[in-house]
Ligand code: ASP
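Below you'll find only one chain, the form predicted alone, shown as structure tokens.
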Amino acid sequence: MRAGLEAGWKLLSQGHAAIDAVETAIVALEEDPALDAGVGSHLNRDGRVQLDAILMDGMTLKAGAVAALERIRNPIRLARLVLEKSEHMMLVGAGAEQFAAEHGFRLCDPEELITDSAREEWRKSRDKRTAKEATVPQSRGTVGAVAIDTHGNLVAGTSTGGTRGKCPGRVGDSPLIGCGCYADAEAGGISCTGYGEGIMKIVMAKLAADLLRDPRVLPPHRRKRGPATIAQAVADACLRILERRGHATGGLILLDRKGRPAAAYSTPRMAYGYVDADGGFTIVP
């Protein structure tokens, strides 16, 4: 968390754009094998890494999304390229990798993305005799970042390797606009994690953005505490709806349009952090 915050905040504090900060923060997380994004991601049923990512600009509502990548080390970089250079908003698989190569991206060896620990997890998950060990809560999770710059530009991004042992070609909520990520300069920026099929049912990131527009989401007895609590009320409300209608657990981080942070989760754990008003870091491991 600290590495991601430091990478993004260094750029923001120097006057760089929010999109630069979000991309750079997520690259730092994709490079950490402790997380389920980029290097060290979970392997699918066939023992391969397939990566998804999205980057969304809250000012224009334009997004760049990629999915089912096997030869891109940092999918968030390719997501930005799609956002800025493609007429489309989402590219997948071989077509996305072709687009990357045509624009000078290095296509990596798929083995470059696989760590020894991820391979060992995959081996255990195949063995019916060790099913109990294989179904313990997954320790590595999806990554995301949200930033607002001095010009009010609001950007959100999400990157993931998906679930361990997923069916080849499976795409979860992470790269889908409005599901795993959404940004609207008039509302806020959101990045989600958790059980993707449930998050997709309620389009959770877009739901959060819509709720941020409506102060009625804040219970009457809490409105006296001021508008800073609305962001947290929205995050909490999304998880209640996810449980009731999506029958799933998950989590989300968000910034409202004023840059006020909030986070909530119903999964066993979710590490997150944000930059305080004084430039310090608050990290919840």
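All figures in this text were calculated on a predicted structure; none of them were measured in a lab. In case it trips you up, residue 1 is the first one in the sequence shown, and so on.
Keep in mind the form predicted together with the named molecule is missing from the figure; the text below concerns it.
Shown alone here, residue 170 lies within 4.5 Å of the named molecule in the predicted complex, counting heavy atoms only. Contact check for residue 142: a non-hydrogen atom falls within 4.5 Å of the named molecule in the predicted complex. Looking at residue 174, you'd find a heavy atom of it within 4.5 angstroms of the named molecule in the predicted complex. Although the partner is absent here, residue 160 is a contact residue: one of its heavy atoms lies within 4.5 angstroms of the named molecule in the predicted complex. The stretch from 75-83, 194-202, 115-123, 97-105 that comes within 4.5 Å of the named molecule in the predicted complex, counting heavy atoms only, is 194-202.
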